[in-house]
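Structure 1 and structure 2 below are two forms of the same protein chain, each written out on its own as structure tokens.
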Structure 1
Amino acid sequence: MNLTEQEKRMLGGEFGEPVARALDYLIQFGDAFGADRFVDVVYAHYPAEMSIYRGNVEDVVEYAETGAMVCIPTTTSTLACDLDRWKEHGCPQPIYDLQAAVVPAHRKMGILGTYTCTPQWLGFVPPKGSYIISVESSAIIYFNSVLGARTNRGGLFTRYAAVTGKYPLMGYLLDENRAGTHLFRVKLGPQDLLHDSDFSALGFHVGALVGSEVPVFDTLGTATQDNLVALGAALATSGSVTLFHAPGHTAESDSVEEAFQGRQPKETHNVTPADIRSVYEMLTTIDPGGAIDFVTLGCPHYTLEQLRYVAHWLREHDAKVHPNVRFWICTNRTTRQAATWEGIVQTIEQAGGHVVCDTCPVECHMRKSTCKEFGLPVPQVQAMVTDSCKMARYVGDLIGCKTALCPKDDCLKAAVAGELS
């Protein structure tokens, strides 16, 4: 790789050993992928090491002792437990004790303890065209697509980019790799894309068709920010989509033609109501009228407005969560604090729900492998209802429960009834 004079000084140790070592790793990484030079990154979303993975927490604690410090704004992704309310959620103490060790390590490195999969809701909104580095598939696709910032899937190299402020110019940082590859003509009416779960189903259908390539949607109707987050998260679940274009909704293209950068689509697909229904059917393995014991909303993490909606629904229906159901709404700790100030959390919890921060069911102690390690019953959940394809897809495998994909209101009805209506 071609280094600037500043980068040569960094590599030579002028900025300290941790910076020199981090840059050396990035040089090897860039060389392996044929990158020509570095670019300056302005923001990082960091992998918050989780105690359900062996060695994860120990690694960051050890790394913090080297004196490494981040040099750009750096937020953190989700953990394996709610650090404030782990006990009431049934998390074994060893998981909490180990997980809590990341907090002083992150603070020592200058990393912000956001512990969320949606840092954009906390004001981390990198500008169009800026180079960033991120983990968490739903955040990555939102940054790339809706905002038009540029990031690859960061992995462990997010750490070294945050410490140096550098990243090799390659992958989705390059103009030519951001062109659309597949065209999707969305033959859906407003009644077919009413709910976040409908957009999630659309993303799940399309992601399975394109894999790791770049879909272009000719229309998405009147999609909201929440709809776009749900769409992106599902695209990155059934496939490994890192970028999509939807002219009128995403940042980089004013037209379908512009999204393809003058190229022809590899494939063109029509998306029909039957395609959306098929996703609901695929991810619903609970029989109608079947008992359920878990309802979860907030994958990706809910906003303050989404929490307010749930509280309003519960008040309006004078509803209580069924005694056989655990009802989790996952969010970040800053949003939970704001929701507490507004009385939203109190309303939800008086109705029998839990507003959970820092984590989600698929990342916590309820995983089958973790349950076996700590002698917990397997599975922890028998039948889960959710409005997220991402959650439904992963908990089926990782927790081992039956699932149902439903619009938000139907999830709330199930939580109250204790069964899938």
Structure 2
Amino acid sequence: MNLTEQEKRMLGGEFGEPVARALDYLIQFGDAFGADRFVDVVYAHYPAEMSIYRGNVEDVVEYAETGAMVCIPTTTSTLACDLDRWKEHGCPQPIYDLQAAVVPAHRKMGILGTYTCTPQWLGFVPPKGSYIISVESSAIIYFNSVLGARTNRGGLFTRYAAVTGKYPLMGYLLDENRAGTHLFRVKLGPQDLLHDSDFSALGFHVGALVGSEVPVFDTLGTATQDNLVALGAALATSGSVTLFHAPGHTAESDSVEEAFQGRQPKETHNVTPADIRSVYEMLTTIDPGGAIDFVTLGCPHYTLEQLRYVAHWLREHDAKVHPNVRFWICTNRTTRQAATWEGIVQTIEQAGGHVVCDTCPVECHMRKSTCKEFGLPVPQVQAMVTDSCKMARYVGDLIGCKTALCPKDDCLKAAVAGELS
């Protein structure tokens, strides 16, 4: 790594010990990947330390004591409980108590307590071509693809990038690594790509085929912003896709040829309705008519419009959630406040649902290993219905229940009926 005069002074300790140490880690990191210099990053989405990971909260409390401060706008990803409504969701007190300790540590470091997997809905929309660093695979793929900002898959070193404002120039920050590799000809009609869950299934199918490479879709029909979030989250679940192109929907290329930067696709695939159906079948292990006890919407965290849709459906159907069913709709705190002003939250709550912030089922006390860690009884979940492939995939292992992938309306019907139709 070649360092600028400023970076040499940072490494020499002129800006404090935390900055020097952070830069040293980043140099090792850049050297591993053969980067020759740093770039300035303008935004960080930071992995909030979670009480479900042993030692994770203590780590940031200790780190904040070193006097380390972030030097760029920094938002935070999800926690292990809703900091306001944790009691309503059955979160045990010790999990909340430990988790709440991150808030003063983050504030001390200048980090914003957004605690969401969709910071873009809070106004963090970095410009096309800007360098950023983000965690949360569904946010990363949205920033890279839909917005055209440039980030690698952030991890532990997001902290050090936020403290220094530096990241090695490598990976998805470089033009040549942003070229498409696999072409997908989407042979789906408007009826096959209607729901967020259809886009999620499309992403899950393609992610499994491309692994960590860069898929290009020749069309995505009339995809909305919510559809694109669903697609990206699933691409990053069945594979580790970090960037996709869909000319007309994503920021970087106006044509398929441009998305490939003049190269030939390594592989070309047709996507057919049978491919989409097979994802629904694979992620549905609950038998038709089988009892269900959990419905989750909001993976990734729902937008105001998605919440509005749910409230509207519940009102239209004069619906009440079945007494055996936990019905969670996950979002961020700002959106819940806006939805409260709209009367949306009240409608959902009166029907028996919960609008959950800061967390989600697989990151909170519902995860099998969490309560085990705290020596608490593990909550029993038999069968979860969701509109997200990401949720369905992780629930299977982390909560250990049966799952069903359904469009939103069918999730809502299941929440009311207490069984899968």
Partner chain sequence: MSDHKVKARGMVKGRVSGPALVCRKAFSFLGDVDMDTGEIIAQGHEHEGETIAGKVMIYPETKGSSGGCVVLSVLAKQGKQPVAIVLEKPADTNIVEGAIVCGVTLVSEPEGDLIHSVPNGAMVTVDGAAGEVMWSDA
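Only residues modelled in both forms are compared. Heads up, when I say rigid core I mean the largest set of C-alphas that superpose within 1.5 Å between the two forms. What you see is a predicted model, and the numbers here were worked out from it, not measured in a lab. Sequence positions of structure 1, starting at 1, serve as the residue numbers.
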Do you think the form predicted together with the partner chain is shown as structure 1, or as structure 2?
2
In sequence order, what stretches of at least three consecutive residues shift by 2 Å or more at the Cα level between structures 1 and 2, with the rigid core held as reference?
371-380
